[in-house]
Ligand code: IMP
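Just the one chain here, laid out as structure tokens, in the form predicted alone.
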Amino acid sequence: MKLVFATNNQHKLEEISRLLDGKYDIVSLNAIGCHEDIPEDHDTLQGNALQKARYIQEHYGYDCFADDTGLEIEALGNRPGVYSARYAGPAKDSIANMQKVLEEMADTDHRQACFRTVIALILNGEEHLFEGRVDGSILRAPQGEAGFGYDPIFQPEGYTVSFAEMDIDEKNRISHRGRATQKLYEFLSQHDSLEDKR
């Protein structure tokens, strides 16, 4: 099955492809000739994920899925949340985003946070949503070189390392995107099984 993943983020593509175990032909926006900046102007992760998936389906006609992810920090009133990618400005600069979070949290020991991912799938004209969440805390300084986004300052619950200090398979087993993608994978597998019986 060919599915368009509404992203050109190479890190996300690699994670998703590994999580789906190579059983699906996952292609990026570049691969279908989509170079537009797809709008993400909803105030929920679910709204943004659906908006991106609908855009691809309506303009390009492909079955597709899109995700939106937010880092929600209790001490910041669940910011940056839906604005995580652009928290420090429209440039989507992950280092600047992390620095802004660390500066805003410099004077607090209340460091609980969670990552949430919502995946919106449009398959055969029907919409489906899958959510994953991982709880943890915000470190006082970046740790590790792997991962992307806020990974160097997020330490998942029950671990002594940041996401950026884990290898990709270890991170995928427990991450928000990994959990949402597992639900997507189970749904697609069930769908394939039903199709085979017809």
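In this text the structure is predicted, and so the values were computed from the model without any measurement. All residue numbers refer to positions in the sequence shown, first residue = 1.
The next section is about a form of this same protein that is not shown, the form predicted together with this ligand.
Is the gap between Leu121 and this ligand in the model of the complex 4.5 Å or less for some heavy atom pair? Judged by the heavy-atom cut-off of 4.5 Å, Leu121 is well away from this ligand in the model of the complex.
Would you classify Tyr150 as touching this ligand in the model of the complex, given a 4.5 Å non-hydrogen atom cut-off? Because a heavy atom of Tyr150 falls inside 4.5 Å of this ligand in the model of the complex, the answer is yes.
Given that this ligand is not shown alongside this chain, does Ser162 nevertheless sit within 4.5 Å of it in the model of the complex, heavy atom to heavy atom? No.
Arg179 near this ligand in the model of the complex, any heavy atom under 4.5 Å? No, Arg179 sits far enough from this ligand in the model of the complex that none of its heavy atoms falls within 4.5 Å.
One stretch from 53 to 61, 31 to 39, 136 to 144, 66 to 74 that, in the model of the complex, holds residues within 4.5 Å of this ligand by heavy atom: Result of the contact check: 66 to 74.
Site check Lys23, Phe130 and Ser189: each within 4.5 Å of this ligand in the model of the complex by heavy atom: Verified in the model of the complex; spot residues all out of contact, no.
Hey, which residues along 112 to 136 are within 4.5 angstroms of this ligand in the model of the complex, non-hydrogen atoms only? The one in contact is Phe115.
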